[in-house]
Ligand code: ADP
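For reference, the chain that follows is the form predicted on its own, supplied as structure tokens.
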């Protein structure tokens, strides 16, 4: 099949979160299954054309937008053997930040991503690549099915095209004023409760849910959660109405980048059968954060955006009690100023027990995954999560809240049977988190049981091969709908 994978960010070119990792890894796995898959993203200022060997293949691509016709250039590169196209329109993309600067959204985001959605459709015509399926991701590409089913309706070049729409996080919807319809060159007839209208606003993500052939999310549990009032962010009714077309496929991880037996960043490589290097990595992590090198002391870690969604406030509430259990704690992340301040204060109060880096650092994240003993992810909701999978690979035991992909990937350890790969709790409270940490630390002080748990964790396989085959099945279903 011919697949165009449309994403607003793709690793290694431009990244703000997990979407980029998916967009950089899944197409490679699909390519190995024999599909003609190509990736498209905007050419942001952050995209280094020289470093990635990009070349301009189209100097002028005409794109209707805001009642006029703008032009773009198209560049081409590759992710491994997967071709990647870049839409260059400097007025929209040659700026700091992919979506925002200093915490504020770019005021023209609606126009920027309406343009990108229309441009990538025109791109397929210009390069004579007719997709069997457009695979769109999140609100930034949600207008692709809207255009295909409305603007391009009747155009024979696009009659057979199907659309898979993947929701990576339903909380980000692309909400804009009604005037956005005219900016996007879409008619007022679409502004209805059965179309793009959402409580008086234009909702890009809703458009993707309405006009795509199939919808999927990034874990089985999350695909069920988003059809409930608690997790549906106001769109649960739309999703329930399309319930037969909604599925969940767990994200994978790239073991070429995230595996302790081949990781060039960590202090010592190790594996499930030769785990000695993990102790070296733990000592390196303690030194890196300026903590005493105490091999017997459990190190609990967090790598996260500091936000209530991630349950970071639950950790803040419980931290003093956790440290009192003779534990160390390290955190890498940035986010809500109030939460940053709490952890800065904790670091000042407990300099020999708390390590803190406010910001993002890929190299340090590898060191944390390799050197920590327990990884905390008490998210209130988590569509999939990747860090719990990275942690499993490195023998760092996840302690998670039972939601979304965390619930799908982590099974509580049963000491009697020796089964399970981590710790899990249901109620989103600091007290429940603390009680689960206490159970984990009790097991940590039983070395034989802890070693068994580590071996279970490191035996888990969340490679993209499995997920790619599930996506392939969705593409085949979509293709069959358009050939009946």
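For clarity, every value in this text was computed on a predicted model and none was experimentally measured. Residue numbers count along the first chain shown, from 1.
The same protein also has a form predicted in complex with adenosine-5'-diphosphate, omitted here; what follows describes it.
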query: 4.5 Å heavy atom contact, residue 15 and adenosine-5'-diphosphate in the model of the complex; finding: yes
query: Non-hydrogen atom contact residue 311 with adenosine-5'-diphosphate in the model of the complex at 4.5 angstroms; finding: no
query: Interface membership of residue 182, adenosine-5'-diphosphate in the model of the complex, 4.5 Å heavy atom rule; finding: no
query: Contact flag, residue 361 vs adenosine-5'-diphosphate in the model of the complex, heavy atom cut 4.5 Å; finding: yes
query: Partner-facing stretch of 333-341, 82-90, 112-120, 272-280, counted where any non-hydrogen atom is within 4.5 angstroms of adenosine-5'-diphosphate in the model of the complex; finding: 333-341
query: In the model of the complex, the one of 201, 240, 305, 125 near adenosine-5'-diphosphate [non-hydrogen atom within 4.5 angstroms]; finding: 305
query: 387, 409, 403, 217 - the one with a heavy atom within 4.5 Å of adenosine-5'-diphosphate in the model of the complex; finding: 387
query: Residues 213, 223 and 472 all lining adenosine-5'-diphosphate in the model of the complex, heavy atom within 4.5 Å; finding: no
query: Residues in 363-378 with any heavy atom within 4.5 Å of adenosine-5'-diphosphate in the model of the complex; finding: 365, 377
